[in-house]
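In structure tokens, one chain follows: the form predicted alone.
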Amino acid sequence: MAPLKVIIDTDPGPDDALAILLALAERERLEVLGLTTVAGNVAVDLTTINALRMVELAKRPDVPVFRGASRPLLRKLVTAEFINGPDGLEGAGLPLPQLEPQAPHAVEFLLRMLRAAPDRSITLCPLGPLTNIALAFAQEPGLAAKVERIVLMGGARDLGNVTPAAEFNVFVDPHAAAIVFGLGVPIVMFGLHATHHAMATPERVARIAALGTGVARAVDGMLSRPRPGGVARFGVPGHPMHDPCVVAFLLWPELFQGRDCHVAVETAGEATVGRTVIDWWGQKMLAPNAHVIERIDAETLFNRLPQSLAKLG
């Protein structure tokens, strides 16, 4: 079977970094056409550096990196250095990359790849704010036909993580999220209510660290450092691995369960901006626009992660 063609849109971040490494490790199953970067966890110059760091760490210089949007569509940029450290990858211990981002701008790269693709042939994997994706389809809405599906991390059915109502990625650019959920493209949504089950506990991180590789040391460094929230928020020590769930779904869909729902994005409410309103019980009688993941077999996921990362040497 031919590998699945994917474009990863990202704002690395430790969990983004692990998701990228997983995708690059599974090259027989995933053809990563490129990494597009967006401002989110840190400013776009740093997210671009971090994407290049992952390409170099994985020894995959064949995968191009394209710098994308530096700010949300309509709002002031909010970043998350308080969680991820000043450069977004605190604890990784990685040098600045030797590689450079490629031309053109990430949005133009997305447009070029989609224009040239057969219908329903490319999977988009947004791991951060949806600004680049929204900008591309705002220019050429018809290119939605080229997308097999969008598998994204963002939103929450229950409590948010940046406000009581909103998850970070959607909060940063709710207007972009509203555009993407309105495209009519098949969407698989990983919100906080699902990804908080995928906790990188010390025991699970130790399975990766035991590989003893450069990749393993970087991952261990990022995921073993203290972070805000901790046991008080999650009930167990460790970091929730939001973004690796997106890539893991492409590889091992049997580990995930969810249901089709209609998802709306709040763009105006002062207290609720960025809220993803998930009609879990179908009360509004609206056609579903996303498959919302609810359950994750986290133990199997964390057993398989080291096996994949070992392929990077």
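Note that residue numbering follows the sequence shown and begins at 1. In this text the structure is predicted, and so the values were computed from the model without any measurement.
Although it is not shown, the form predicted together with a small molecule is what the next lines describe.
Novice: Looking at the partner-bound form in the model of the complex, is Leu110 within 4.5 Å of the small molecule by any heavy atom?
Specialist: Taking the distances in the model of the complex, the answer for Leu110 is no, it never comes within 4.5 Å of the small molecule.
Novice: Answer yes if any heavy atom of Leu192 is within 4.5 Å of a heavy atom of the small molecule in the model of the complex; otherwise answer no.
Specialist: Yes - in the model of the complex, heavy atoms of Leu192 and the small molecule come within 4.5 Å of each other.
Novice: Test of understanding: in the model of the complex, would Thr47 fall inside 4.5 Å of the small molecule by heavy atoms?
Specialist: Taking the distances in the model of the complex, the answer for Thr47 is no, it never comes within 4.5 Å of the small molecule.
Novice: Whether Ala136 contacts the small molecule in the model of the complex should be assessed with a 4.5 Å heavy atom distance threshold; does it?
Specialist: No.
Novice: Could you tell me which stretch in 28-36, 269-277, 62-70, 242-250 has residues with non-hydrogen atoms within 4.5 Å of the small molecule in the model of the complex?
Specialist: Going through the listed ranges, the match is 242-250.
Novice: The small molecule is absent from this chain, but in the model of the complex, do Asp16, Asn41 and Asn161 each have a non-hydrogen atom within 4.5 Å of it?
Specialist: Checked in the model of the complex: all three residues contact the small molecule.
Novice: Have a look at Leu89, Met153, Ala198, Ala176 for me and say which one sits with a heavy atom within 4.5 Å of the small molecule in the model of the complex.
Specialist: When the small molecule is considered in the model of the complex, the option within 4.5 Å is Met153.
Novice: Let me know the one among Val219, Leu124, Ala106, Leu127 whose heavy atoms come within 4.5 Å of the small molecule in the model of the complex, would you?
Specialist: Exactly one residue meets the criterion: Leu127.
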